[in-house]
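Here's a solo chain for you in structure tokens, the form predicted on its own.
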């Protein structure tokens, strides 16, 4: 079987990268990063997400969307990670996916046009503190159509209009942020390219979407993997460029064998992770028989390689790589957070082993 991005998907990735480089580059990212008290949700960037159609990618055409697939979202996620872009794009498109996958036609008609137009921000509040990324780790319990429980590490909860959450039977629920009993407490984090919070539901009225937590997690793992490989490729590219110019003993440090070999190994690892992350999106889109395995491979490889590539960037940039003034720490900290989001490499390897041995 042959798999590759289409010309349209390559053009989409190029367009997103060019737009971000022109309109939301390192200076704008740093402004969000250093505004610790801010909500991390730049209004102009969100407006662009709506106008460029980046929120409407998988929304069906009948609900004002583009009707494309997860692979097209993955292309955008790679560009998002490469530039360490802040904002609630990822949790909102994942919330839209939950409604598209599990919601009724009435729920889809109510919410998906708003998602596509950027009129709402959604967030994923499915996992309790210490829980894993299965139904067993679900945040909430249900009683009479209300939910109670606490979700940890919820992205952009403070600006969300509604939350997608889950119960231990694998059902997905939608809770509006203004509903009774919903409490949002912001929490600090290593990575300031996002904003995190703990969300508590106390007998909060909820709307049942359906029984499809696994599908939501699959999409979340794939998109996070693609964000991570975007980080990894950007980190490696910047490291190679710097080490071609930085000199020691009258020679570029990139000409030293030890560094050349290390960076060559990283290039191979990043390339394999890129292919794995894109293939996993394609496998889910097209219902390939190895789709579940592909998701575990993608997130495992992406988590590991982004951690390694960003650590190498700091190391091989020398003294400048350790400073607050250099952007290297944006990528390192984002990679470290996303390494564990939706399961780290070790967790996914364990799941993959269970599948293969079964």
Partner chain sequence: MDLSYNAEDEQFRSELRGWLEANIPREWSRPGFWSSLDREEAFALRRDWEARKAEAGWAGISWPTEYGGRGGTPAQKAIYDEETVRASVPYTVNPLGLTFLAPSVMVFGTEEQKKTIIPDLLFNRVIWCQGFSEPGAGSDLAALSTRAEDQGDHWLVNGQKVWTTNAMHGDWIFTLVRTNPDAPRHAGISMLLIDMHAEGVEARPLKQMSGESEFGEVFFTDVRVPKSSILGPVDKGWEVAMVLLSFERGSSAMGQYTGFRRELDQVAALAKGRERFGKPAAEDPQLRQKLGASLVELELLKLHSLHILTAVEQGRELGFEASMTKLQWSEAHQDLGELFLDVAELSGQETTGEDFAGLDPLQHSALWSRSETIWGGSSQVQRNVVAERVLGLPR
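All figures in this text were calculated on a predicted structure; none of them were measured in a lab. Positions refer to the first chain, counted from 1.
This protein has a second form, the form predicted together with the partner chain, left out of what is shown; the following refers to that one.
With the partner omitted here, the residue from 115, 140, 154, 278 that has a non-hydrogen atom within 4.5 angstroms of the partner chain in the predicted bound form is 278. Residue in contact with the partner chain in the predicted bound form (any heavy atom within 4.5 Å), chosen from 129, 203, 265, 214: 265. For the partner chain in the predicted bound form, the listed stretch (38-46, 294-302, 52-60, 23-31) containing residues with heavy atoms inside 4.5 Å is 294-302. Proximity to the partner chain in the predicted bound form holds for all of 4, 282 and 358, with the criterion being a heavy atom within 4.5 Å. For residue 271, a non-hydrogen atom is located within 4.5 Å of the partner chain in the predicted bound form, even though that partner is not displayed. In the predicted bound form, at least one heavy atom of residue 349 sits within 4.5 Å of a heavy atom of the partner chain. Although the partner is absent here, residue 162 sits far enough away that none of its heavy atoms falls within 4.5 Å of the partner chain in the predicted bound form. Although the partner is absent here, residue 257 sits close enough that one of its heavy atoms falls within 4.5 Å of the partner chain in the predicted bound form.
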